[in-house]
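Starting off, we have a lone chain in the form predicted on its own, written out as structure tokens.
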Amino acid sequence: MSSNNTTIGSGTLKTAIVWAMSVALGGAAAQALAQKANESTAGEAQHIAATVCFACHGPGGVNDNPMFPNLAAQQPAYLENQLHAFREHKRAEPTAQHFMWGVASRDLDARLIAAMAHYFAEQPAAKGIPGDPKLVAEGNELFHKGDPKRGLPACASCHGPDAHGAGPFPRLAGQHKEYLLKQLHLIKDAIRNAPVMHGVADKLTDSEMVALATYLQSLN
């Protein structure tokens, strides 16, 4: 009786081991396939960045044309949100319509949007460009302290003390001054939809916008 039990137990154990190994191997195979798919998507995103995005945003997302933003080191969540907004035609200022609607709708799906955002977020940031010291100092003060008397919050409260952004709030450091000014005016005039920013932009004077943009462009 004891011998039979041992035999049965041994067979059961062998079956369990074989089953566990098959599950493990199956899981490993699935993981390998997923990794291969992710690598393929990352490669495709990098190819699009180098052949399509490059024309306006420059190599690695850094360019010298103030009409187009630098994308390098940008917050990935912010980039994803904007690419989806372009693809769904929710970001509708004229420049977005002309340059980004077609690209986002034609070339990008959710899988590639995430990969593109990840790619640009990992690229070295644009270097700051020094500006008028007086404007830089004024912009620095406004960015970090705001103006409580007018209900103007400090930009740093959302964009971080170094203006590197956080989550859905974009990195502003090293961005083109002209591009920043244009976006502030688009938001103030409600041409670009940015609910969090409308109340802020409304309170900024033109000279304050210039000071902020000059300061932000000077940062790394």
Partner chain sequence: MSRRIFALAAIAGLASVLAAPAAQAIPAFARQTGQNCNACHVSFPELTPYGRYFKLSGYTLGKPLLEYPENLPLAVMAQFGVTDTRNNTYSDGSKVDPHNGEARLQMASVFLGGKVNDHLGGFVQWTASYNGSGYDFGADNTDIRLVNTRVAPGGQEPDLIYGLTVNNNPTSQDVWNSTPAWQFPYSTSATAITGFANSSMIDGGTDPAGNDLHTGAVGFGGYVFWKQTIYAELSLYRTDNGLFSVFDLGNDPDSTMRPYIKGYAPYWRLAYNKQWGPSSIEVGTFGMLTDRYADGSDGGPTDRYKDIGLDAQYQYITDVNTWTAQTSYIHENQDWNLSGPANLGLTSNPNGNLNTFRIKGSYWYRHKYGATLGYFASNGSEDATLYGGAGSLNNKPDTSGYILEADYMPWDYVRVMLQYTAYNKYLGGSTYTDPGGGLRNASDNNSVFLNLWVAY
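Only a predicted model underlies this, so the values are computations on that prediction, with no experimental measurement involved. Positions refer to the first chain, counted from 1.
One more form of this protein, predicted together with its partner chain, exists but is not displayed; see below.
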Of 59-67, 148-156, 165-173, 189-197, the segment with heavy atoms within 4.5 Å of its partner chain in the predicted complex is residues 59-67
Could you spot which one of V103, V136, A121, I113 gets a heavy atom to within 4.5 Å of its partner chain in the predicted complex?
V103
Using heavy atoms and a 4.5 Å limit, would one call A49 a contact residue for its partner chain in the predicted complex?
yes
Contact between K182 and its partner chain in the predicted complex at 4.5 Å, heavy atoms?
yes
Would A55 sit within 4.5 Å of its partner chain in the predicted complex, counting heavy atoms only?
yes
Although its partner chain is absent from this view, report whether D107 comes within 4.5 Å of it in the predicted complex, heavy atoms only.
yes
